[in-house]
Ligand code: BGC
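As a starting point, one isolated chain is supplied in structure tokens, in the form predicted on its own.
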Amino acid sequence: MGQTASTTAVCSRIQSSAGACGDNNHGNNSPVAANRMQGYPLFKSNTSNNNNSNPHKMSLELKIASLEEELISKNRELAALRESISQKPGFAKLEGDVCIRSTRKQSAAVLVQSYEPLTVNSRRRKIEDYCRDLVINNDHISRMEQRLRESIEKGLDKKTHDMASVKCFPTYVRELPSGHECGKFLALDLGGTNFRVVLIEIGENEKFEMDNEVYAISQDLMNGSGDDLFDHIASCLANFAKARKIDKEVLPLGFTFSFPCKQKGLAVGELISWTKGFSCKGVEGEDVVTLLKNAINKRGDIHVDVAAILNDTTGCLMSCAWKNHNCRIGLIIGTGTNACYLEDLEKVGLWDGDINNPKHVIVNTEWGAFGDHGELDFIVTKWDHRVDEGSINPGKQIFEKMISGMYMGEVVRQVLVDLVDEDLIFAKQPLENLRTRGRFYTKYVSEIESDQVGDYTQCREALKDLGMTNVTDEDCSALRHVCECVSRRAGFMVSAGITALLKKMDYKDVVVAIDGSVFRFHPHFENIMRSRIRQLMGTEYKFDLMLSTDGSGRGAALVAAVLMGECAI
């Protein structure tokens, strides 16, 4: 059915047992129809004068002639009926096929006009069609979840580990908090464009005091040398300790290092590759704990015992496990994404430690690299390819680039630029900022979707920041639709990942610790995850999502507490 006014189906009933179907555009111009209308025989007789004496043959000829005359009569009747119907209101602009059916009852003509929605115009429909590749269904999610589980199995197996996209490194953290930890600890949190130094004091009865300071990392440091980066971190750490008069104490420190890292011990971790916009030279393949210690020792003005290195997912898990002992999964969905979970030692092929109790270890999946071997090609769009091509690590961290905060806004921007080029949105608006890579921030997505439906206050504020004013409601609504497509896809993909871990662990009651700016600030992300995981796992499966309060700080300190024997476990 067409969109413009106009495609109509017409059914006519005539008093006959015969029927015909024609095309409104060329029905009477077809050769068969022309023959019918001009009275040419449709059934040619093969009889000759020699057969005239055959009564049976003559009877057949008479029947054929009678049928031809009746058919010609019906054709004339149909032509007259078409002419009559064409004069009806609403039929003048008819396009497409006309079907006229006959019955043995009296003739009747019925005009059925196609449905034309009043709430969705043709431009909006084109926009929704254009975004269709961003919409994934349960079949896609199930397929993705199965592939992720297969990738996790490959990562855990020593024989296939090197070929796996999801590496699944054991963290060497085997003990979860008991809730009775106590002591004073430092935590260093490096995982993005800022880093924190944290002083934590844990006392009895869940007493918890925290003091922290945030320090910026400039673009030059992010892309400079490794020595410069760690010298900057050591300098900030020394300033923090001196300001709080703890520079003379030797405190255990938990180092949260939120980049793909291969751990070879509790305080030994080699950087596999930089992510999140970092590209410091001389760090990949090196033990980052050693680099930090060297930078601290060069100063000579502070004394720190680096007890453990962990990533933010492990810290997130430890922080929530301190309060809820059912916590078995840690998830970060912020600037980047990653997850960890508690695995049985016998299933960790890379394990090279003892097999005494406890017989489990936290596994760092590094699932941001899922898709690097083509596992997600069936849902990757042209916009994802563009985002990947414009990144500093093309072909890597595909899963992360489809869902995390560092890239979500850029995916939206790529879609909007195409819609602009198709003249479907933002007509006569200044587009310089929109056409600038990285200029559509992920925070806009959260703000735009925070508006009530039909209200575009925050949407217009975001567009104003892009230099656009007096944007129509229609364009604001279309922009929200694009944001929803991208953010919901991200929510569904994260849900598939959590489902894969839940099925892998086979626990019946699991709490998932979650942190990160996307989960914290997107208004619907938590609800998307809850409903989708419930669908994938079944309504009888019990799970919960728990927002981690400062996992990278408190969690790092708790790891140090457990390892330094400062708790009663």
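Note that the coordinates shown come from a computational prediction; the quantities given were computed from them, not determined experimentally. Numbers for residues come from their place in the sequence shown, where the first is 1.
There is another form of this protein, the form predicted in complex with the ligand, and it is not shown here; the text below is about that form.
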So which of 155, 260, 269, 405 gets a non-hydrogen atom within 4.5 Å of the ligand in the model of the complex? 260
Can you work out which of 196, 386, 276, 124 has a heavy atom no more than 4.5 Å from the ligand in the model of the complex? 276
Looking at 197 to 205, 229 to 237, 435 to 443, 306 to 314, which stretch has residues with any non-hydrogen atom within 4.5 Å of the ligand in the model of the complex? 306 to 314
In the model of the complex, is there a heavy atom of the ligand that lies within 4.5 Å of any heavy atom of residue 491, even though the partner is absent here? no
Partner proximity in the model of the complex: residue 318 to the ligand, non-hydrogen atom cutoff 4.5 Å: no
Since only the chain is shown here, I'm wondering whether residue 166 would be in contact with the ligand in the model of the complex (any heavy atom pair within 4.5 Å). no
Contact between residue 336 and the ligand in the model of the complex at 4.5 Å, heavy atoms? yes
Any residue of 385 to 418 with a heavy atom within 4.5 Å of the ligand in the model of the complex counts; write them all down in order. 397, 400
